[in-house]
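Just one chain is shown here, as structure tokens, and it is the form predicted on its own.
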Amino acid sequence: MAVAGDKDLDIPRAEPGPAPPVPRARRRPRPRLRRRTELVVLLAPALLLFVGFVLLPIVLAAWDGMHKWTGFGSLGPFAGLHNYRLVLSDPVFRQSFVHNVIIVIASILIQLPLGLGMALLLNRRIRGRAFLRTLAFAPFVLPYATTAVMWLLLLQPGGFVDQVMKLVGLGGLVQLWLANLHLVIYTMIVVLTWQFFGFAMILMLAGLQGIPGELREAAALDGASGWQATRRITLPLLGPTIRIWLFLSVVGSLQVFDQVWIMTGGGPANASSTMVTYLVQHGFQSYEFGYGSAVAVIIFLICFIFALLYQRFVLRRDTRGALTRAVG
């Protein structure tokens, strides 16, 4: 009830002031020093091993190749690039390089279809699949020397291979498999194919295991035949595996040594020589270590240039896709 004469009391009100700042969570400074220390500690052993066992021998071999050195005592007189010119101008080395190229082509044209076909067959649910896989892969795990001695005995004149061919009525085709100048390199290709096609098969099998079976089922529902599904789905998805095998096969074919050296020694008359057997003959047997070092450097450069070009033009999209998936 209001009383006459009363006055409204003016009570000052406190105006709301600015809200106190909310304290922000401080970002912890990145332990850059700690990360760098970890990287150094983890990478230093591997880096030291790489430098000591890869880079340093390459540099020393290149330096030794510039000297006329017999392998005894200190390095001989400096010869510059003389040894390298001699190697590249030697017809025997060029012939050995051609033999390596023939082995490369044969490995691609024979081992790839054979390994891929075996992988497609043994990827199905068939009886004895595990045993057949083991049987096909077993030659690859044999030591190279064991394989070479075994085939050397099998291919001897009057040996097991000759007897089998006579037994099946092919006695007229019997040859001196390791002594025929025009046949010996192809005999070596058969031995190499027998030992290494299982590696192609097991790689292709690993690639096939990563292809979802639903894709082939969907293609079958759409009316695609088995060959069409293989050509349109399986082979494209198997592309990265095939490209990796091609790289390993080419580099390995350029460095073939053990089987050829034990079975033929590069003969007869250099008919089966490879670049590495040429290196051993001129570097170790002839005590021309400077010349042999030049051969080793040239072989390294051939493999290195091929690896760079293959990485640049063939494997680039595969590695780019892998990096993109890893970052995403």
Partner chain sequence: MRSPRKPAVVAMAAAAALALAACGSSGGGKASSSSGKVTLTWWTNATAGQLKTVWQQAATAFHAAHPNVTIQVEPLQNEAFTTKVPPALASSNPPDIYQQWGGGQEATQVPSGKVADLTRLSSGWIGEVGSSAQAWQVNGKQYGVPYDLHTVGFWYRKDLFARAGITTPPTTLAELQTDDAKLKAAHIVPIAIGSKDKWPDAFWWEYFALRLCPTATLKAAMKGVNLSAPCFTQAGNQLKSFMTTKPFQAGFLGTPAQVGAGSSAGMVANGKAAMELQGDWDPGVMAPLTSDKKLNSELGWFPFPAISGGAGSPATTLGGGDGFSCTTPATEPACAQFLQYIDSTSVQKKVVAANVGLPANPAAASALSLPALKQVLTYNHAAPYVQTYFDIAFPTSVGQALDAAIATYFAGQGSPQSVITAVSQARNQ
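Positions refer to the first chain, counted from 1. Because the structure is predicted, anything quoted here is derived from the model rather than measured.
Here the subject shifts to the form predicted in complex with the partner chain, a form of this protein not shown in this document.
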Quiz item: Even though the partner chain is not shown here, does Pro57 get within 4.5 Å of it in the model of the complex, heavy atoms only?
Solution: yes
Quiz item: Any of the heavy atoms of Leu235 lying within 4.5 Å of the partner chain in the model of the complex?
Solution: no
Quiz item: in the model of the complex, does Ala179 have a heavy atom within 4.5 Å of the partner chain?
Solution: yes
Quiz item: Does Gly171 reach the partner chain in the model of the complex, with heavy atoms at most 4.5 Å apart?
Solution: no
Practice problem: Quick one: name the residues from 289-304 with any non-hydrogen atom within 4.5 angstroms of the partner chain in the model of the complex. | Solution: Phe289, Tyr291, Gly292, Ser293, Ala296, Ile299, Phe300
